[in-house]
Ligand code: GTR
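Below you will find one chain, with nothing else, as structure tokens; this is the form predicted on its own, and questions on how it binds or moves follow later.
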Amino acid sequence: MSDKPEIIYDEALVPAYELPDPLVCLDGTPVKEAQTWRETRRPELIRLFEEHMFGRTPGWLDYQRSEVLDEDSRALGGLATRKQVRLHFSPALGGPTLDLLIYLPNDIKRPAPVFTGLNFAGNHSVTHDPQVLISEAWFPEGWWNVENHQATEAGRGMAASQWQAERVLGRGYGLVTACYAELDPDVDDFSNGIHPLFYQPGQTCPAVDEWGAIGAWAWGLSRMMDYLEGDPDVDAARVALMGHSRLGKTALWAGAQDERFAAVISNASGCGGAALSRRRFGETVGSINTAFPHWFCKNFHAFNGQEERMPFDQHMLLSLMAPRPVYVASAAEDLWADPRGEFLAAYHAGPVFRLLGEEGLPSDEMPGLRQPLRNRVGYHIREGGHDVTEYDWDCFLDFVDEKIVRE
């Protein structure tokens, strides 16, 4: 069967499919109470996603050190305190590091709730703040404002509209971000980034069931959380994780594995993220594995063009957030990410939330544009394309206000 199936953008061409039940164990045992979910079915689903999709994290590092590079209590015109912190993952000089950009609002009592997530082009890209360091990550040629594989000053603030730092701070939240390429450059090459720190003698790439790039990026989000737990100015019990596109896939996998994240938000994460794979609408398993063979584990390639054989689908990934709040956002023109498939996955995660005493989406009807649905599972679709907008952030802020700040 071809790894590049015909691209479907017509609902009439979506194949008939049957979703696996998140509340039935592999041995056929129905899950009827929270204890069985917690002790049996949830660990079982984590193992399935590890073995067949994202890959296993091969271990945990004994070494991690943080270094404060910069601190300014009057950043962004006095709106925030800025801190830039470097996480070291190896004692070796020149070993892998991750730079955190932390903004905390100055006009609220601390510790502060925060939004966190990875960015695409360096911390300097999310703000016009001239004091934010330019990322030293290696980037592919053709990446935004890159010369000789290095970020440049020209990229400062280029993604500010996607992060809305002043808006987030004005609502009483901190903002914490880091560049995903510092964890693992987004190319099919596992000789760089953090992967080699975990290799056994003679190993040069992950085993077929070990983590790809998304697994490494998700690991980095947990290491960011490690740091935030030790920062007295951050309310580590109220950290909301947000990711867009491939980093939305990453946020969902990080949130599934690491229950310290109080809420998880997926924006336009599509195939491998919040969209049902069995629909084969827009981007498919085969097309994503062909274009980005390094994102998932090698075992996932066995499902190219054969999504019906998968022992899970993405509603089960969303269910792994339960009972914590999870929000899915789509855009009407972003058909590649399959907005309807994202909505349906969010809806079909509902039985797990209800088992645990929470409510899933309040309707099985996809809402109209800018008509967000909010229970413990939230969803909206807006006009426009593949982006993160001011409207998206307003919805994220309202959702987190309601679900982890006011409750």
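Throughout, we count residues from 1 along the sequence that is shown. This is a predicted model, so every value here is computed, not measured.
Below, we refer to the form predicted together with this ligand, which is not included among the displayed structures.
245 is the sole member of 257, 304, 245, 81 with a non-hydrogen atom lying within 4.5 angstroms of this ligand in the predicted bound form. Shown without its partner, this chain lists 288, 146, 159, 262 as candidates; in the predicted bound form, only 288 has a non-hydrogen atom within 4.5 angstroms of this ligand. Using a 4.5 Å cut-off to this ligand in the predicted bound form, not one of 110, 173 and 233 places a heavy atom inside that distance. Although the partner is absent here, residue 336 is a contact residue: one of its heavy atoms lies within 4.5 angstroms of this ligand in the predicted bound form. Although the partner is absent here, residue 295 lies within 4.5 Å of this ligand in the predicted bound form, judged by heavy atoms. Though the partner is left out of this view, residue 120 does reach within 4.5 Å of this ligand in the predicted bound form, counting heavy atoms only.
Contact annotation for residue 129: none of its heavy atoms lies within 4.5 Å of this ligand in the predicted bound form. From the list 307 to 315, 280 to 288, 70 to 78, 132 to 140, the contact stretch for this ligand in the predicted bound form under a 4.5 Å heavy atom rule is 280 to 288.
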